[in-house]
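Shown next as structure tokens: one chain only, the form predicted alone.
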């Protein structure tokens, strides 16, 4: 719980960016967090989970507190659902595997997403047709300034596509302590997105289960996404853009193979990785900053890239996609 000074965050972020934070500490209980906040009253406080959705571009002139709260428990159940609470410091994929082992359905499509439980509602993480808001029930969070505890229900979080109230209105104002999920007793299988059905067929699955879907997702992700333990990355660097249907129809004339998926408000979700690949970035590398050879949506640090080099690469990608398709990509990763 002690605050240490001038610590490298290289091992605390999945990009492996080597920058210094002025102060650093960890907490594994509510009291430890409150004591840290009492001892350190400066403005700049950053709560860090798995460090899987952040890009450090410069030294952090403040206090970074790593959330190490652990624990998973079944709070209660009704005729249809289990209400399962996980502490924010739990590894997300381990939590998904725990749910599968206990036959709690709903998060199987979110297997192998890097990061911790606490970040899942902040980003409204999603994959293969499922988002956190589909299984979210509530969370508890500590306000970093007045040290009070708050409960947020589904409506309070204002979930959007890779968005929540914690990424805009309440940015850097709360430490998420735990998240409660509403998980089904009877699965509602989601297999129509991406290559899940093909992978299940390849696996020769005769009876569909949440475990089978999880294994299919793990196979797909492992085949095209780099392991952060081997190559620094934060998973998908950009959001899949939403464009008007009219824009999509115009692009379809020039690019018949452009992939698009119907979304709300008469919009189409476009695969950002496809756009980036069409612009020639897939497999690009300059020094140790690159665009992954198997998935253009992933920017990587091959060893000693700086955060600024990764950021500059992302800006070049944004500009070329805009020029070619008149679509502005948004970064999913938080930039510091």
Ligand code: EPU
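Numbering follows the first chain given and starts at 1. Remember, predicted model here, so these are calculated numbers, not experimental data.
The next section is about a form of this same protein that is not shown, the form predicted together with the ligand.
Contact check in the model of the complex: 121, 159 and 182 versus the ligand, with a cutoff of 4.5 Å between any heavy atoms. Do all three pass?
No, none of the three is in contact.
Though the ligand is not shown, can you say which of 115, 235, 89, 106 has a heavy atom within 4.5 Å of it in the model of the complex?
The option sitting close enough to the partner is 235.
Using a 4.5 Å heavy atom cut-off, which residue among 239, 247, 167, 93 comes into contact with the ligand in the model of the complex?
None of the other options qualify; the answer is 239.
Choose one stretch from 33-41, 63-71, 306-314, 265-273: the one whose residues place a heavy atom within 4.5 angstroms of the ligand in the model of the complex.
Partner-contacting stretch among the options: 265-273.
Even though the partner isn't displayed, in the model of the complex is residue 126 close enough to the ligand, meaning a heavy atom within 4.5 Å?
Yes.
Residue 221: heavy atom within 4.5 Å of the ligand in the model of the complex?
Looking in the model of the complex, residue contacts with the ligand include residue 221, since a heavy atom lies within 4.5 Å.
May I ask you to check whether residue 261 falls inside a 4.5 Å heavy atom distance of the ligand in the model of the complex?
Residue-level check for residue 261: yes, a contact with the ligand.
Tell me, yes or no, whether residue 26 is in contact with the ligand in the model of the complex, where a contact means a heavy atom of each within 4.5 Å.
No, residue 26 sits far enough from the ligand in the model of the complex that none of its heavy atoms falls within 4.5 Å.
Which residues in 311-330 have a heavy atom within 4.5 Å of the ligand in the model of the complex?
Heavy-atom contacts to the ligand in the model of the complex: nothing from 311-330.
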